[in-house]
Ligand code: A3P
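Just one chain follows, in the form predicted on its own, and it is written as structure tokens.
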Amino acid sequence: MDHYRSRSPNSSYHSRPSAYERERGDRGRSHCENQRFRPNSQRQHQSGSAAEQNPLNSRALSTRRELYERDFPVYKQPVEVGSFSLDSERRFFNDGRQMRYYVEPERNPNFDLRDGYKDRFIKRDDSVKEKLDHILRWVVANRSKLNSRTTSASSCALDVDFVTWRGHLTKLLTTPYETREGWMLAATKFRGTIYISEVETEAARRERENRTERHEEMMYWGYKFEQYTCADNVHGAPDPGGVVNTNEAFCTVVQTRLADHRLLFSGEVDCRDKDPGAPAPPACYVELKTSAEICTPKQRSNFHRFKLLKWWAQSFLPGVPRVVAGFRDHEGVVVSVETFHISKISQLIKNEYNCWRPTVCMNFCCDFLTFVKRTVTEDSPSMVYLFSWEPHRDVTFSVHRDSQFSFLPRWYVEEMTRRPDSQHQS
């Protein structure tokens, strides 16, 4: 079943090109534009003049929700163009060897999520910042799929405007409603495509370095739930007695379009439906989550207002149709399992007072990408435009050349500068 063909603007993709062409003309602008893109009244740290020379450029982007209360922007049905795997040592493979298959648990399974934390857990070193490296390896390995269909003289090496991780876009979707955590996103234009990579904020670094043992264990619980509900092959069964290794990952790579922004992004996938009749990716994928059990109306309201926002954003972007959630008690035992269909979440929250709205999320993301396009003017792998945001503030930016923020590796720049067919010549 395709859950994304509904005409509801809060949950639909636009899959017909005619619908996209008909609507895209005015999507990037509205009567609010002068309010959204405005000269920055906050203190700016501008280390270069490239941005200042562009008369189209405004210095800040507002995150006020009311400015994004307009029609849902055109978002085309995401299409999977490839996938890749990361093994137990975080090595890249251009295949699906790490794909897992969802095995539906009992409704009240009593899974012990603490099991194995002390003796069967290999944790990825999250102080190592991989930036976009894995996506870039996929791009190099699949360059023929992405070469621009324009003339060979075109400066655009790929047929997309943006390359990034799904998680970075998720942060953008949730920004109008985020009240605690800021972010920094580095953007570099190279051969006509803008690459966006996250930079760890000082607050995030402090949080990572000072996590309590309880927090570390609760992070493990989510991976353990996956182990209880996933099999390594289509006819297999879960092995909860095995080792949990968070280096391992299977990632989808999708292409889509948000208004006039052509996107290529990748995101980790937990598992897929093992039914032979399941739809093609990404519609066969399943996202797995854990959350505290809901015992009071206040807890349910908070779940709708905060957790469902992030779940919806994370899965809506790549076209993953459902989230399976294990609700656990304080001791880490899963007491119930519930499935949330992404296309129905907007209906689930509609009666919540002052709740989030999908249209605000998508319009802000769309306008941020427009802001980035206007700002990132110089096409150079050594130039980084650093976009920063803190809750209740505007998005601002600074410009850095040959700095610690540069993130496109030399091997990628050299490979993408070569003629596409040179590697096949003797």
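Only a predicted model underlies this, so the values are computations on that prediction, with no experimental measurement involved. Position 1 is the first residue in the sequence shown; the rest follow in order.
Separately, the form predicted in complex with the ligand exists; it is not shown, and the next lines address it.
Just one listed stretch, out of 335-343, 351-359, 251-259, 221-229, contacts the ligand in the predicted bound form at the 4.5 Å heavy atom level, and that stretch is 221-229. In terms of contact with the ligand in the predicted bound form, the residue from Lys289, Lys131, Arg322, Lys76 that brings a heavy atom within 4.5 Å is Lys289.
Note on contacts: among Asp115, Asp270, Glu178, Glu198, the single residue with a heavy atom within 4.5 Å of the ligand in the predicted bound form is Asp270. Contact check for Gln314: a heavy atom falls within 4.5 Å of the ligand in the predicted bound form.
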